[in-house]
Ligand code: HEC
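The data below hold one chain only, encoded as structure tokens and taken in the form predicted on its own.
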């Protein structure tokens, strides 16, 4: 069993232990939430972007949903408007407002799901008076009449808002609709990878966007104030981690590829399979380089996946290694390059026996 397999088993075991922690519910909700977090939290490599959205903790939502809000504030969704690279890009566009629908969307649940998002507001200067929340909490959770939509209806009374079960937070055809609204668009460096997900009917296989990018987590969703002024956590239940998993995290990127080694008459070959629900990579500025070295014989081969030579959905690429003699194993080294990264980031360093 290779190192990645052992690590995966450890993570699955950790998830199984999460439910045991629910018996430890105390008044200190922050400690509880930390205790119930998944074994792997996204750790994006440094590409020059801020680690957190400035001013996130002043949001109304953060008062009760502090942990979830802090997770969201670390994502490019939160910084979709203030990101310097985005602002530089739209500064050169003749119609920058055509980008606003996805970068500063109106609450998506206020209109029928599946349509093109509309921007909130029309004056960029007004939108940027304070650190602006690009794809905000309200973008996904605000419903009609001020209700907040999620996977559950009201279970505990609160003065903050009504909570209702939203159709986009369940299972089935609408489960990915919030993501697909924007991610089916191809514009600038962004490739509409949601089209791959749709056309190859990944949902029929039980896969979903959030299933990969927002791991399940059992925890209190909020902290509420008792009548005596003390704080308490709401009940532990299944939700989603809001610090989105992206290829910027080397561990997560490694899970997108399946690798298999086998001998050939002239050496060996590495089979690289796409395990994501869309092509890899999903940005024109990304590239993944695989270098394979034969151990026990001489031979090495390299292949680069980029937007012009991408790995399609469920596709497999065969990388041949001519070694002259049968190698005993293959050493695989995978690196990821994208805008802002000075040195390619290693996401895979693995040895496969033959």
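Positions refer to the first chain, counted from 1. For clarity, every value in this text was computed on a predicted model and none was experimentally measured.
In what follows, reference is made to the form predicted in complex with the ligand, a form of this protein that is not presented.
Engineer: Which pick from 45, 64, 295, 320 sits with a heavy atom within 4.5 Å of the ligand in the predicted bound form?
Structural biologist: Here the answer is residue option 64.
Engineer: Is it true that 98, 102 and 137, all three, sit within 4.5 Å of the ligand in the predicted bound form, judged by heavy atoms?
Structural biologist: The answer is yes: all three residues contact the partner (heavy atom, 4.5 Å cut-off).
Engineer: Looking in the predicted bound form, any heavy atom of residue 60 within 4.5 Å of the ligand?
Structural biologist: Yes, residue 60 lies within 4.5 Å of the ligand in the predicted bound form.
Engineer: Taking the shortest heavy atom distance, is residue 201 within 4.5 Å of the ligand in the predicted bound form?
Structural biologist: No, residue 201 is distant from the partner.
Engineer: Any chance residue 329 has a heavy atom within 4.5 Å of the ligand in the predicted bound form?
Structural biologist: No, residue 329 is distant from the partner.
Engineer: Although the ligand is absent from this view, report whether residue 267 comes within 4.5 Å of it in the predicted bound form, heavy atoms only.
Structural biologist: Judged by the heavy-atom cut-off of 4.5 Å, residue 267 is well away from the ligand in the predicted bound form.
Engineer: Since the partner is left out here, which residues of 275-298 would have a heavy atom within 4.5 Å of the ligand in the predicted bound form?
Structural biologist: Read in sequence order, the residues that approach the ligand (within 4.5 Å, in the predicted bound form) are 275, 276, 277, 278, 279, 280, 281, 282, 283, 285, 286, 288.
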